[in-house]
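Just the one chain here, laid out as structure tokens, in the form predicted alone.
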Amino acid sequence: MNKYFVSVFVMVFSIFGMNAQELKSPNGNFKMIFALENDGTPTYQLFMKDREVIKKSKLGLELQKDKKSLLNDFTLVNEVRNTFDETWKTVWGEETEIRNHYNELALTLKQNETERQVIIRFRLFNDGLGFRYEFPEQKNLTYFVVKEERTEFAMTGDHTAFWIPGDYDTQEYDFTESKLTEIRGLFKKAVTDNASQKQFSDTGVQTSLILKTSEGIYINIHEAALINYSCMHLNLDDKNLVFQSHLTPDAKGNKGYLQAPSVSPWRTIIASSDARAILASRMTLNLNEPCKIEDTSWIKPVKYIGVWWEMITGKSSWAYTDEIPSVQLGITDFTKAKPNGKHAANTKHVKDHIDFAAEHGFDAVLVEGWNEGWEDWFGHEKDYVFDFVTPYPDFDVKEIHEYAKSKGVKMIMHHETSGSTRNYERHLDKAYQFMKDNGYDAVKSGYVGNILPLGEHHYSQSIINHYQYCIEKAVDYQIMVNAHEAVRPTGICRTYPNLIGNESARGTEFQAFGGSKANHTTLLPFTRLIGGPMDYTPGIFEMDIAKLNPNNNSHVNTTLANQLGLYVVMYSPLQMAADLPENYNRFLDAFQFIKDVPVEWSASKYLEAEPGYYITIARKDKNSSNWFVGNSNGYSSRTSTITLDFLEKGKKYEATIYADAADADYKTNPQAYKISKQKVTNKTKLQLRTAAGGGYAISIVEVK
């Protein structure tokens, strides 16, 4: 059982004329001040060690015209303070236990004209602030439509930001580094060809947003516990340097449909003068509810390979035939269709992958393109809907299941919804039961293309509810979910740890679609990973994509040593070795690290970090005394200096170091690496050169 201590101090009384309420973090380093302006507009400020982090910022929601908005005319009528301190155990995570310690201030506001009540609840942790709106059950506010949330985050200066455009349907962008005042001028350049281009303004950005002030303070703005609400973006007033929340609209342009009693997601601000503390923060998880799954024994971290990268590069095909089956063409039976000879999800090829997984100790094999309909989907501008149970004639579900079982390997199902959420919901019970009948414990779901029904967005309220429905339905069948193209995570994996992974960012696949910036993975841990783990699919050893597909001139913009380091830097309980088996067979000495690195950790140490430039992380294996270190480097070659003081005092270890060679470079010589071994203790200091776009990986094994 988790041990916890809760102390509660409550004040309940009417307050008329008190202008400000102050809340301090448990260690006293943070201070939040709440105040009502003369017109009854609620505001807050945030200080860190007496330095202003967030200037006075307004709070409130604008409602549709038939109701007076919840923006002003408020009086403070009730105040409740709490202190909470517990330590909870993770099902999986970057450590086995997480402390949840905060001071809380819940303020009940009454709108004078309407007598409606809103509670604004603040929780101040030692690493930052979370707050949300709560709408208690009441006579004058039952059903209401949100036109816009007007939460502000007022900046103290023209900070450096690492941002991606505020797109309602994709997060698959490279990051842009700029001053806040430069965002408008760089916005169009930042919009890439893969984006849906439904941005709300030329200064709109997505969360999780990482900023750095001129004084060296790092600030992260995000949200936690996004349930039954629209995803928040940030719209920048670049003259006054104020971010304002901007919710994703639905097909009608509305931002949310709420019924009291209800709550908004938490708005989060994590801040520190040490970038490593941003990475170490667990505030987002702590603002989510505890695990709701009573028996979690079936939820297990997974290291897997897959029939995937060859299709991403264009070497192979998801589709069984190049013909488009239709009643009009007389092709409705795939056994009568002409195979294209490139279909990767065939029984023999999948068995080869199962053999490779078994030989090298991988837990599972993912197969994409196994089910009928890919020709129709590609041929009709992605408006085809799948049934998730009908395999192509060259994919024998039963035979593959029995073969994988005989080898001790699990299979991972793939469900491409083609963005048709209602179709997926109709088939979900049948699809999940089909998985269980055939030995599949995990599913990778995809939402490529425009959302159906048309006009909806990937991050609008109803589609957020769809993702949540799938996660909760999967619990009934004891299925783990890895959702791609879904909304960015907000810590819900604490409540539903069967959500074992997400994509929801620019993943490795974009290295085959023209490439990603060489510093991309030095930013993802500060942004996307703040809300939960990412199925980034690292482990690419062949950087020249043309060697797989002569028609694809893309280049993977990292070194091979960097790819190894990502297994530690990019935390996930779901880790893929994404390249083709034949490429691993060419570099078996380097492949050894991927085989050795765990997917379950008991502790994590953040050794050095600077967003956009470098990250070095050490993690301890959950099931042994071994440690693993990973580094990802940006565009400038540098020397990484680390101390192994996290090792147990008095013990000796052997470190195997996989590093960039002296002449390594992500563009000109990405496969140049060197492997060395040395004895180390907790007093050892290491200096390792990292190339441009490079990195390193270290396995540290106790010497018995």
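Residue numbers here begin at 1 and follow the sequence given. For clarity, every value in this text was computed on a predicted model and none was experimentally measured.
The form predicted together with a small molecule exists for this protein as well; it is not shown, and the discussion that follows is about that form.
A heavy atom within 4.5 Å of the small molecule in the predicted complex is found for one listed residue only; from 318, 388, 175, 266, this is 318.
Between the small molecule and the residues 456, 167, 416, 579, the one pair within 4.5 Å by heavy atoms in the predicted complex involves 416. Taking non-hydrogen atoms only, residue 444 approaches the small molecule to within 4.5 angstroms in the predicted complex. In the predicted complex, the small molecule lies farther than 4.5 Å from every heavy atom of residue 526. In the predicted complex, none of the heavy atoms of residue 410 sits within 4.5 Å of a heavy atom of the small molecule. Within this chain, residue 368 lines the site of the small molecule in the predicted complex, having a heavy atom no more than 4.5 Å away. The stretch that touches the small molecule in the predicted complex, counting heavy atoms within 4.5 Å, is 483-491, out of 483-491, 256-264, 426-434, 232-240.
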